[in-house]
Structure formats: structure tokens, C-alpha cells
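Next up, C-alpha cells for two forms of one chain, structure 1 and then structure 2.
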Structure 1
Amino acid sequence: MIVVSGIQPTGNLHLGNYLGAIRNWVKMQDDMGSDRKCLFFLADLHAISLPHDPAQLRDNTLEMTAALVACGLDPARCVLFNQAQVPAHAELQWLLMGTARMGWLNRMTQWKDKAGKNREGQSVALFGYPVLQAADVLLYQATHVPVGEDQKQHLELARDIAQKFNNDFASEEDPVFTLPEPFIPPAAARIMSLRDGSKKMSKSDVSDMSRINLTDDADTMAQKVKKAKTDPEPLPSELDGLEGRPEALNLVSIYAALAGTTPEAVLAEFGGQGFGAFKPALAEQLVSVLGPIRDRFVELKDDREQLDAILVRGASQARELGTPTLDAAYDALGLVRASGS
């Protein structure tokens, strides 16, 4: 079992990232036996597909590393690194560019959302973004990729690319790439904005009130929950009663994910009560789960030397782990490289 996943170091880690992905990364690392390898990385190469400030990207990469360690990733038990220190990601992306089809990329909903009506004005990197994501996982022969629901389509594309490359350039008995499986949590796979239950919680939302950041203090979290959009009805006692009430469903799902229970159990407890009673209970859950993470993050975030050392060590391990597959991909394509490159 080879587990690989990444996160863009743009802005803060938020509750959606934590419940949808990072919490599962930590679980997979903790359950790891000798037959398992876990690699987690900062997708800094992906972050240049949209306009960005170089100094801020550098800072964010270290901050996000601190946030991941604060969440429970242990660089002694997983390989933690940033893409930019492992050139094989960019190299393999180029090798896969010959296999990925324009039509496949054109269908990506994230491309459509991010480009909006201005496709002509977007960077080529934004269009080719999912091919780099495919390279990220195929490079290590990933079997499991823990992600939130929004990344499912990108992983299906990675499988399509792997399959076509294997068909075109390898034999069935000796494929170059393993087909990766997305590993999406059954609950909390899509946490929605606190301001609009039809939009996912996101780093790029202009309103900070729309998300809970891992860096928010207890008062800020409580304020955000208090101001979260809801409706005037009390909570129902059964899940069916949340149909057509996306904001209420989102808050109940968040509570359940934090408390390690189901939305049904939350409704059994709070059914019939209004948000005046439910919101303070939710804020309490948030503070009890995220508070300790935030404290560890504050301790770690200014220790640039330690964070740099973590990434240097992780990158050196990742470079070594990726070499056989990169070599095999060059070879399959008939590309002759200088020896030792």
C-alpha cells in the first residue's frame, strides 16, 4: 500500500482541508505497518498556476508544513516534502503531456470553475494542472490517494492517463504505472462555506467568515459559527428533515465529523432545538479539536530551521523513491538520457 497526497500551500489550512483530507492522512500514517509507505507533500508547483506573490509562496510553504506537523504528521513516519525540491514531478508531468488529451482536460470542472469565462487569459499551467497532479501520484506507484470529494475527478484523470500510457508504451504484464484509487472519507468529504451552503469551504473565498482556519483562536471560531448562515427552523430529529436545508446539513455534518459520530446521532441529540442551542455546542467541539492543533502550530511556525530540515530530508527520500518509475517512463518512451542524470 502506497499512500500519496498533496495540498497547495496557498493561504491557511481550513476545516474543510482538515476533515476532508489531513485527518485521514494522519490516520493512514498512524495505522501504517511495514507494508505501507505514506508520502505527503506541499503542492508548491501547482500554486504557480494562478497569479501569486513569490515571497508569500515561500512563507506559506513553511507555514503549511508547520500546520501539517501540528495536525499529527510525523516526518519520522511519513515522507513530508515540497514538490519544488523533487524535480521528477515536473519531469514526469512533461512525459505524461504526450498521453493526456486536450478533451480530457477541457472537461475538468476545476478548470472550468477557475477559468470562468476567461479561458484564453489563463496560464497554460492552470490547464495542465491535472497532469502534474497525475505525475505526483504515478511517480510513486500510489495505490491510495486520500482526498476530499472535489479532487475525485482529477484522480480519475490520473487513472485514465496511467491506463493509456501503459497501453501505448508498456505491456500488460509489465505496466509502468499503478492505477491509483481515490480514498474519499464517507463523511465530511465536502465541507461547505459557512456563508453559503451551496459553495465548498475554500482558501480562495474572499470572505474569511466563510471558513474556519486552523489558525483562528477560540473567540474567532465562536464568532464565525454564531454568524454562520442558517434558517429559522429548529433542527429535525431525522436526517430526511435536512433536505433542502444545506446550511443546517453542513453544520450538523461538521459537528458529527468533529465528535466522531454520525449526523443521525447528532440529530437524535439536538432534534427540536434551535440554532441558538446548537451553535455554541458546535463552537465547543471546534475549539476542543482544533485548539490543541493551533497551539502546536503556533509553537512550530517560526522555527524555520527545523521546518526547512524536515522538507530537505523528505525531498531526499522522495527523490530516491521516485527514481525507478521516472527511469521506466523515459525508457518506455524511447528517450535516451545521459547516464546518472
Structure 2
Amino acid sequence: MIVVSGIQPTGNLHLGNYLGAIRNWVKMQDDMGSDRKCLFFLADLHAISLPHDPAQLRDNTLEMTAALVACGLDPARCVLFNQAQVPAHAELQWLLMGTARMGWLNRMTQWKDKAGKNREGQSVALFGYPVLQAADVLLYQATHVPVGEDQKQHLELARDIAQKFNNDFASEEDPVFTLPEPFIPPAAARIMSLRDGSKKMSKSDVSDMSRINLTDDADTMAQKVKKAKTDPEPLPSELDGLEGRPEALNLVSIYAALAGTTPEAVLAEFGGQGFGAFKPALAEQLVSVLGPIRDRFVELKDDREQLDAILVRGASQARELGTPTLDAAYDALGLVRASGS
């Protein structure tokens, strides 16, 4: 079992990133036996598909490395690296460009969302972004890719590209690429904005009050919870009572995810109580879980030498793991790859 997943280094991680993805990465790493290998990467090549500040991208890459380690990723137990130090990602993307089809990419929902009405003005990199995502996982013969609902379409594209490449240039007995399966962690939490329960918590939201950042101190977390949007009704005793109350459901879901329990169990404990009682309890849970992560992050974030060393070591491991697949792809296409490259 080979698990591969990445995250763009676009700024602070927030509670939604942690509960929805990073915590599950840590669990996969911790559960890793001899039959599982986990690779997690900072998608800095993806980041240049949109306008960016080069210096900020470099700083964000190191900062997010610190955040991931603070959350519990252990470079001694997983492969943690950034794409730019593994040129095989970009090489394989180009090799797959001959297999990917314009019609497939035109159907990508995220392309339509990010491009908006000005598609002609977008970069080719943004259009080809899903092919790089395919290369990211196919390079390592990934068997499983952790995905949320918004990434399922991209994984399906990766499978389509892999299948067509194998059909066109390899044999059924000796395929070049493994077709990756989606891995949807059973405890993955969908965390919504503190200001609007119908929208996902996002670092791109203009309001910092909409999210809990992993860099927030205890007082800031408590203030954000205190000011989180709610309704005047008390909490119900059963989950059905939260229908049509998205903000209340979000806060209950956050509490349950932090406490390692279920929304039903939270309501059994707090049913009948108002948010004046529930919010302080939620703030206490947040500080208990995120406080140690923040402290470790503050300790790590300015140690650029250590962070660089983590990424260099991880990239070396990734290059070694990806080389056989890249060689096989070159060979299948009738290309001669420079030795030692």
C-alpha cells in the first residue's frame, strides 16, 4: 500500500486542514506497517499556476513544513518533501501530456471555478494542473490517494490517464502505472466557516474570524469561538434537531472531531444548553488539541536550517522512489533518458 498526498503551501494551515486532512495523514503514518509507505509533499509547483510572490512562496513552503511537523508528521516515518526538489514530477507531467485529452481537462470543475469567465487569460499551467496531479501520484505507483469530495474528479482523471497510457504503450501483463484508488478516511471532518455554516472553512476567506488558524493563541481561539455565528435556540438532544441550523451543526461537529467522539454524543451531553455554555467548552477543546501544535510550530518555524534539511532528505528519498517509474515511462514512449538525470 503506497499512500501519496500533497498540499499547496499557500499560507497558514487552519482547523479545517487539520481535522479534514492532516490529522488523517498523521494517523496513516502512525498506522504504517511494513506493507504501507506514506509520501506527503508541499505542492509548490502547483502554486505557480496562479500569480504568486516568489519570496512568499519560499517562506510559505518552509512555514507549512514546520506546521506539518508540528501536527505530527515525522520525517523519519514518512517521506516529506516539496515538488520543486523532485524534477521527475514535472518531467512525468510532460510525458503524460501526450496521453491526456483536452476534453477531459475542459470538464474539470475546479478549472472552471478558478478560471471564471476569463479562461483565455489563465495560464496553461492552471489548465494542465490536473495532469501534474496525475503525475504526482502515478510517479510513485500510489495505490491509494486520500481525497475529499472536491478532489475525486482529479483522481478519476489520473486513473483515466494511467489506463490510456498503459493501453497505448504497455501490456496488460506489464503496465507502466498502477491505477490509484481513492482513500476516504472514515473520520474525515468537513469543517465549515465560523461566519457562514454553508461555506467551507478557508484560508482565502477575507475574514480571519471565519477560521481557527493553527497559529492562533489560546485567547484568539476563544474570541473566535465566542463570536462565531450561531442562532438563539438551545442545542437539541438529537441530531435531527440541527436540521436547518448549519452554524450550530458546524460547532457541534468541530467539538466532536476534537474530542474524538460523535455529534450524537456531544448533543447527549449538551442538549438543552445554550451556546453561552457550549462555546466555552468548545474553546477549551480547541486549546487542548491545538495548543501543543501551536507551541511546536512556533519553536520550528524560524529554524530554516532544520526545515531545509527535512525537505532535502525527503526529496532525495522521493527521487529514488520515483526513478524506476520515470525510466519506464520514457522507455515505453520510445525516448532515451539521459543517464544519471
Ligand code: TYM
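Residue indices: 1-based, along structure 1. Note that the rigid core is defined as the largest set of C-alphas that superpose within 1.5 Å between two forms. Note that this is a predicted model, so its numbers are computed, not measured.
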Q: Have a look at both and say which one is the form predicted alone.
A: 2
Q. Taking the rigid core as reference, does the Cα of residue 244 move 2 Å or more between structure 1 and structure 2?
A. no
**Q.** Cα displacement of residue 329 between structure 1 and structure 2 reaching 2 Å, rigid core superposed
**A.** yes
Q. If you line up the core, does residue 116 shift 2 angstroms or more at its C-alpha between structure 1 and structure 2?
A. yes
Q: Report, in Å with one decimal, the C-alpha displacement of residue 170 between structure 1 and structure 2 after core superposition.
A: 3.1
